[in-house]
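Take a look at this one chain, the form predicted alone, written out in structure tokens.
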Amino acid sequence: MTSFTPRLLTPPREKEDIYPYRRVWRSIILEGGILIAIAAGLFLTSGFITDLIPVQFEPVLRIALALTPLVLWLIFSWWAEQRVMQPRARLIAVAVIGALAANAVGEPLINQFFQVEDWLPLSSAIDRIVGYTFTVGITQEFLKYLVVRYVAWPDHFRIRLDGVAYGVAVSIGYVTVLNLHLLVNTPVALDVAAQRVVATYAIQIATSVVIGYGLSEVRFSDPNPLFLALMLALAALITGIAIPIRAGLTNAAFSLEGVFPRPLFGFGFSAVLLVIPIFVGSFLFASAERRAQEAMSDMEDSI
């Protein structure tokens, strides 16, 4: 009698599909982690580096620090994008136009028209939050939204995480201009410059996740008509809250002298501000994708 083994009765397993897109969260974690490590290293060795490097080379190092987020993005996002099966298009265009918008519109509007540094730093805590939200926050987030909206959305949005990829791209262009304006015009110490670079990067990346989520939901779901406006308002509010809180922590009177230097509180806040949106954003995007798959399965079952 012929016997059949279970192997012959079991259909062969299909090979797992290769994920054709760059994994966005991995790139953000690598870029942010390396940037934080560089800033922490400069913070710990600032005295040694200051004695070692001639004064005339410090402007060059400040410019290098200002360009560090851009270089990391080019390595871990744009270059990695070229090595996947289905790379995202127009990332460089989004970053460049974001930088042009920041330099031509954003910075002149904030610094010359609103002149926020002349009146907001001396205001009360609530006034600073409201003021930064309605000046810096709305200006920056609306400009970034316009760039992604008219350069990449909706034709280049194939999956939900494309919103984060393009949001980060425009933020990198924007943060590069902010860093250059700050570090070229202000002769600050290298450790202070590194902390400011991390703070600016963290705020821009955090808000880019919010903007990307809003654009992706509008592209792939059918949210409330006010949903995208709410996401823009939330991104502006995050900026309005983050700027005064970080400044307050950096200059905190309650710092433990001799244990934790005051700038370390602001640096820690920037690191937390960078980490939390990654976890919250990954959860929201995964939940949205799961709901979409369940809806599609229900539709197939009904057919």
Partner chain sequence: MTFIELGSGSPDLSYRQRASHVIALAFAVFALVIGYNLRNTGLFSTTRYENVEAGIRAEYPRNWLFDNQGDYVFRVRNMTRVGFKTTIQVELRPVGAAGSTRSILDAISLERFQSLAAYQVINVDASTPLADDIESVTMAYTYADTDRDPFLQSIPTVVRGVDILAVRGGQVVIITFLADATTFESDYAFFERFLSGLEFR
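In this text, all values refer to a predicted model and were calculated from it rather than measured experimentally. Residue numbers count along the first chain shown, from 1.
The form predicted in complex with the partner chain exists for this protein as well; it is not shown, and the discussion that follows is about that form.
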item: Among the candidates 226, 104, 184, 125, the residue which, in the predicted bound form, approaches the partner chain to within 4.5 Å (heavy atoms); value: 226
item: Output flag, 73, 164 and 168 jointly within 4.5 Å of the partner chain in the predicted bound form, heavy atom basis; value: no
item: Stretch in contact, per heavy atom within 4.5 angstroms of the partner chain in the predicted bound form, of 188-196, 117-125, 174-182, 89-97; value: 117-125
item: The partner chain contact at residue 279 in the predicted bound form, heavy atom, 4.5 Å; value: no
item: The partner chain contact in the predicted bound form: residue 283, any heavy atom under 4.5 Å; value: no
item: Residue 206: touches the partner chain in the predicted bound form, heavy atom cutoff 4.5 angstroms; value: no
item: Exercise: residue 218 in contact with the partner chain in the predicted bound form, heavy atom 4.5 Å; value: yes
item: Stretch 128-147 - residues with a heavy atom within 4.5 Å of the partner chain in the predicted bound form; value: 130, 131, 134, 135, 138, 139, 142, 145, 146
